[in-house]
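One chain comes next, on its own, written out as structure tokens in the form predicted on its own.
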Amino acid sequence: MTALPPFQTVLDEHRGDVYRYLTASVGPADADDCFQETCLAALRAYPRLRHADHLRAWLFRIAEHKAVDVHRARMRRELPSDELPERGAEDPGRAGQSGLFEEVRLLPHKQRAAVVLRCVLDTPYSELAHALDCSEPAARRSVHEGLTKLREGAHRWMTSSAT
């Protein structure tokens, strides 16, 4: 059991990965707010931690809960409409990626978290299991199922755009 480092040290060490995870999970428009909520929740909970094991996974678990909150809020505020929303110009640095990120964001939350943590942040399965609060085989299964859905979506997209 390792003693807890200062909270700022933990945040400085993992801030980039947590922010990238949230950007992939909730999108760039909501990532800043979600990151702030994650940091505040972590800061409030930090004094109650008893050891420094798995701090990165602990932060990812908090970030995943905040991402789920964002997705739930989106579901409550979106209303059906007969009109298509206007789309702004796509960021040139993200050209070709928006479809993939949107597909990732549409995955069920556990699969989304598993795919982003494993494939974007190269999180080991043992840490992924801790972040998702499940067994390592269940974490592997979530990654597999998420990637399978993404492949199916890519196949549908390619088939429909070819016609």
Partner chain sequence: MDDLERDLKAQTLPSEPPQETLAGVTERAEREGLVDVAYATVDSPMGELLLAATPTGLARVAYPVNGHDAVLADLARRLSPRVLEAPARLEQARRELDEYFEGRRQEFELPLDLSLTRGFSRRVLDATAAIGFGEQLTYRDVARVAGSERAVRAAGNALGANPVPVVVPCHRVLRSGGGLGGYTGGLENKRFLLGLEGLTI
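No experiment lies behind these values; they were computed from the predicted model shown. Positions refer to the first chain, counted from 1.
Not pictured, yet referred to below: the form predicted in complex with the partner chain.
- Of the heavy atoms in residue 127, none are within 4.5 Å of the partner chain in the predicted complex.
- Of the heavy atoms in residue 58, none are within 4.5 Å of the partner chain in the predicted complex.
- Mapping the unseen interface onto this chain, residue 133 falls outside it, with no heavy atom inside 4.5 Å of the partner chain in the predicted complex.
- In the predicted complex, the partner chain stays beyond 4.5 Å of every heavy atom belonging to residue 137.
- Along 12-46, these residues reach a heavy atom to within 4.5 Å of the partner chain in the predicted complex: 15, 16, 19, 20, 23, 24, 32, 33, 35, 36, 37, 39, 40, 43, 44, 46.
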